[in-house]
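Shown here is one chain on its own, the form predicted on its own, set out as structure tokens.
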Amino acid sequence: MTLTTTLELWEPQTALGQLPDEDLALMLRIRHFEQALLDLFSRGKLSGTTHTCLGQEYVPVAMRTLLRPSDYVFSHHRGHGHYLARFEEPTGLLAEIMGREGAVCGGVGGSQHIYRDRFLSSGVQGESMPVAAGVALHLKRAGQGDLAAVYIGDGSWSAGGVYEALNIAKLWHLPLVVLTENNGIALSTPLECELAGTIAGRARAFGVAYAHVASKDVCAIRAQLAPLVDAARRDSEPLVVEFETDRLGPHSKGDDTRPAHELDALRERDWTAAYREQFPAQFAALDAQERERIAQAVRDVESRGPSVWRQA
């Protein structure tokens, strides 16, 4: 049986409840981390490219308390927030992206390919789904009640491997939680031009439980998703969650094709503006704290020598 649940649409200025300091600090840490990366790029301090999660910080922070350290988390190209929500410490990730000493993966993974303590990210869209399904099979056989959580974007629902993994996950009753960050645009292609039907319809076709989340309230999201994630864990069944979210920045670096009025509308819905207005004292204190934390991390990592990768 397909289980469907829907949170109410987010209303700016009114629907955000006050967050525990720990959650707000983490959301702001992710925000300042991403902004620091864009600044480093503009100063020629980074090579390659990067994909920020500006506007989507609340998604991995909401999931943080619903996942166990023993669960596996699979991330994608826009995964800095996923990593920081799991490990909270930004210095090793920044060193990885900058190729400096102390890098999480010796500086060979860069922004998109990270492996650490049951956390894996890949820049190949949709590729993580079959891998996550395989890990979910292992976790089911281990019988410890752990699950595999995999973040994908709306564009990944056009990848064939996603469907093969979902089919196997349902047939074999695997504890696989698919967390879709639907920001309405895949690189430069609007959702209506790249996806026939709906994500909900796809989950329904496989008989997989589905939840649609349009709220940006971390506590409300947790309250709604907790029983569904618990059921996926307890009953060993797949679950698809679709977060209706906003991507405030470009796809990678300076490649945003959206018109100015559309970007202005997104910025008006940014969670930071609504939260700052509702809880100004808490926001100001933690914003200053996290701004300085990231600034210190940048100073620290910039002073280090190049990373050296040693094959095990």
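Residues carry their position along the shown sequence, with the first being 1. Predicted, not measured: the structure shown is a model, and the values here were computed from it.
Keep in mind that the form predicted together with a small molecule is missing from the display, and what follows is about it.
Option touching the small molecule, based on a heavy atom within 4.5 Å in the predicted complex, out of S215, S111, N183, S121: In short, N183.
Of G161, G107, G134, G155, the one that lies within 4.5 Å of the small molecule in the predicted complex (heavy atoms): Spelling it out, the residue with a heavy atom inside the cut-off is G155.
Listed range touching the small molecule, judged in the predicted complex by heavy atoms within 4.5 Å, from 216-224, 230-238, 75-83, 166-174: Within 4.5 Å of the partner lies stretch 75-83.
Whether H32, T91 and A297 all lie within 4.5 angstroms of the small molecule in the predicted complex by heavy atom: No, the candidate spot makes no contact with the small molecule.
Partner contact for T198 in the predicted complex: the small molecule, 4.5 angstroms, heavy atom: No, T198 is distant from the partner.
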